[in-house]
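There is one chain below, alone, in C-alpha cells, taken in the form predicted on its own.
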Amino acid sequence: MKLWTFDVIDILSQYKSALSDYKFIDLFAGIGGFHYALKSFGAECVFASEWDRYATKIYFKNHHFLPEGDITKIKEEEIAEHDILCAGFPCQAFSISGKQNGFNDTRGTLFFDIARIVKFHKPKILLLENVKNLIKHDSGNTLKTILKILEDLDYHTEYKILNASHFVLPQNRERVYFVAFHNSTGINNFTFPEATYENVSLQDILDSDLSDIKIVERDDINIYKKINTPNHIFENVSCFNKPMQIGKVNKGGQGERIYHPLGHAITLSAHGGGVGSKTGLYLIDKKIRRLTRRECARLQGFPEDFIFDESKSQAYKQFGNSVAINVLQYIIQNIIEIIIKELNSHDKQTELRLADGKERIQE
C-alpha cells in the first residue's frame, strides 16, 4: 500500500511560499478545503464564513480560525482586505436569468453575496468551485449570468470541468472550477492544469483502523464480477482510474452498487439513499463495507492529522460537501506560474523602457 501524504504535487516545494504576500477569504468555507490548498502555498486566511455550526466547529479545530456565520448577514465593509476570494458556492437558479440585468440578476441568490463582496473589495483573483451541472443549469442561463456579472465587475474568467480522478485522488469527482483575474492584473491568458492520470486506486488509501468500518451483511448481495488484479480487465491507466462496479445490493440503486478497491471511489455525497449512501459500497477483504471517515478525508486530499467530526453522519456530509484539495493545488500552481510570467514580462518591459529612455538621453 502506498504511503499517503498531503503534499502530493512534486513541484509544491518550489512554490510553498509563493503566495506568502497574499491574503484570502474563504466563503461557504465548509471544513476548509480551500484553506488547506491556499495555505500550502503560503497564503494567509483573513476571513471565513460558514453557516453550518458543525462544519464551523471542525474548521476551527483544524485551522484555529473561527468562521463568521451566514454571509448574507455580513456587510462587505466588515470583511478584511484580501487578494484572493475563494468559494464553493451553492448553485441556485436566478429568477430573471438571461434578462441581462447585470448585478441585479443575482439578487436573492448566494452568488449575489460573492458579487457584492467582489464589487467592494476588487480582489486580484477569484477561485470558485461548483457542481458540473452548473454549466447546463437553467438551460445555461445561470452560467451566462455569472460570467456576465464577473465581466461587468472587470474580471477575465476561465472555467473548466476537472475530475479529481485525474489529479492523484482515487475518487470520481467532476466539478467546474472558475479562475478570474481582475483586469488591473493584466492577466487574461490563464490555462487550467492538464490531467496527470497518475496510477492510483482506492486500495492505496484504505484505512488500517477497523473500528470505524461498517460491514454490510445481507441476503440480497449479488457479486457478479470477479477481479483479482488491475491487468485482469484493464489495459491502460486511463481506463483503470475509474469506479469498477462488481455487484449490487437489493435492486442496485445508486446507493446499492458495490465497487472494487482496485478502481476509484464513486463521488462522495452529502446526501443520498441506500445502504451505501454518501460513500458507496466496496468489496474489501471479502467483506462489503462503506468507507471510513479517514478514507473519505484521504479521497478529498485532507492531511493525516485532519480532525473529523465525531458524528459519522456529520463527517460524511462534510466530506461530501467539500472540495478536492489536490485539484485546487494544481490549479493554484498554474495561477502562480501565470503570475510569475506576468511579473517577469512586466519587469522585462520596464527594463526595455528604461534602456530606451537612457539611449534617448544620451542622444
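Only a predicted model underlies this, so the values are computations on that prediction, with no experimental measurement involved. Sequential numbering from 1, following the sequence displayed.
Same protein, other form: the form predicted in complex with a small molecule, not shown, and the subject of what follows.
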Problem set entry | Of 308, 316, 28, 47, the one that lies within 4.5 Å of the small molecule in the predicted bound form (heavy atoms) | 28
For this session: Can you work out whether the small molecule is within 4.5 angstroms of a heavy atom in all three of 33, 52 and 322 in the predicted bound form?
Result: yes
Problem set entry | Stretch in contact, per heavy atom within 4.5 angstroms of the small molecule in the predicted bound form, of 291-299, 39-47, 333-341, 62-70 | 62-70
Exercise. Does the 4.5 Å heavy atom contact test between residue 90 and the small molecule in the predicted bound form come out positive?
Worked result: yes
Problem set entry | Distance check, residue 221 to the small molecule in the predicted bound form, heavy atom within 4.5 Å | no
For this session: Using a 4.5 Å heavy atom cut-off, state whether residue 110 contacts the small molecule in the predicted bound form.
Result: yes
